[in-house]
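Here's a solo chain for you in C-alpha cells, the form predicted alone.
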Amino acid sequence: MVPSTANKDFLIAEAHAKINLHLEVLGIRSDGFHELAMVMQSINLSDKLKLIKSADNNITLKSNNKEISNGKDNLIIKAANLLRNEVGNTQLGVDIELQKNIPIGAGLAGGSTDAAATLVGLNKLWGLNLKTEELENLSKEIGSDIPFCISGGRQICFGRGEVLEKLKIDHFQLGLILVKDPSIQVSTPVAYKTYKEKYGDSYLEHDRDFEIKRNSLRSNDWSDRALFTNRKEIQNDLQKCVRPMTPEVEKSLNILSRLPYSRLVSMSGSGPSCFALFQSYDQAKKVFNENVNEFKRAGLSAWVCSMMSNGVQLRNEFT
C-alpha cells in the first residue's frame, strides 16, 4: 500500500531499481519483439523524485545528473504527458526534481522505475484515483519494465516484460552486492541483436512452446531459501553474449565470484551491472566492507543492497 502524504502541493516518490533473478529469451513475437520469461526483483537502490504541483500547465524536469535529458525524450516527461492525456486534462502541471542514484544504462531499469514513480506520484498529486492495475496497463505504452517497477517486489514477467504474475514471498531476507564499471554502458538493443545472431536458430516459434517454458518457470520455487538450495547459477541468456564482448562484465563477475559467502553471481538485465547474492543483508554488508578497496582498485562502483517487497513508495520528504 502506498502511504498518504501530508502536503497536497508536493510529494516524494521513491523509485527502486531491479535485478533479474532469471532472464530467458524464448523467441520472436509476431510484433517483432523478443518473447521473454523472467523473474525480476526490486532492490533498495533508489532514485527520488520530488513532484511539485504547478500553477500552470507546464511539465518540467531538472536533475542532479547532467547526463540526463530534461526534454520530451525522457521517460519521466513521457509518463507525465501520458497520464495527463489519459485523463483528458491538459491543464495539469508539475515541476519534477530528480535525485539520480541508480546508474544510467546499467540493466537496473533506472529510466523505467523513474517513469513508474512519476505515474504513481502524479496519480496521487493530481488526485486522479487510478488503480494500480490501470497505471500498469497504461505504462506499457512507453516501456516494458515500467509495469513491474510500479508494483515491484518479486514477480514473474512474460511477453516483453509487461505481463506480470506476482510471487507470494513472505520474507525478503537476501542481501546482495552490486557492482558496475562506470566507464561503460551496454545498449539493450545491441545485446538482443547479438543474442539473436548467435542463438536465433534455437528460438521457439509457436505460442504453445512459449507456454511450456512459462509453465516451467511458474512451477519453480522462487523463495529466498530455494534460490540457494535449488540453483547453482542464475540463468541470464543475455549474459552469454554480453560477457564475451565486454571485459568489464567479465571482470565484475570474476571479482564477485571470489567473494566469501557469495552463492549466486549474475549480470542483471542486459548489463553491465552484476551482482552476488548472500544469505542476509548483514552478511552482504560485512563482505562489502571487507572488500570495498578491491572494488575501488578494479574501478568499480559498488553498493550493498537489500531486497524490497514493493515498488514505488511515496514519502513526505527526502531521506
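Remember, it's a predicted structure, so these values are computed and weren't measured experimentally. Each residue number is its position in the shown sequence, starting from 1.
The following text describes the form predicted together with a small molecule, which does not appear among the structures shown.
Taking the partner from elsewhere, L36 is found to have a heavy atom lying within 4.5 Å of the small molecule in the predicted complex. Residue contact check for G32: one or more of its heavy atoms lie within 4.5 Å of the small molecule in the predicted complex. Contact annotation for P189: at least one heavy atom lies within 4.5 Å of the small molecule in the predicted complex. Among heavy atoms of R225, none comes within 4.5 Å of the small molecule in the predicted complex. Among the residues R231, R160, K240, K166, the one placing a heavy atom within 4.5 Å of the small molecule in the predicted complex is R160.
For the options P103, G153, G143, G111, the residue carrying a heavy atom within 4.5 angstroms of the small molecule in the predicted complex is G143. Checking 171-179, 89-97, 208-216, 189-197 against the small molecule in the predicted complex, the stretch whose residues place heavy atoms within 4.5 Å of it is 189-197.
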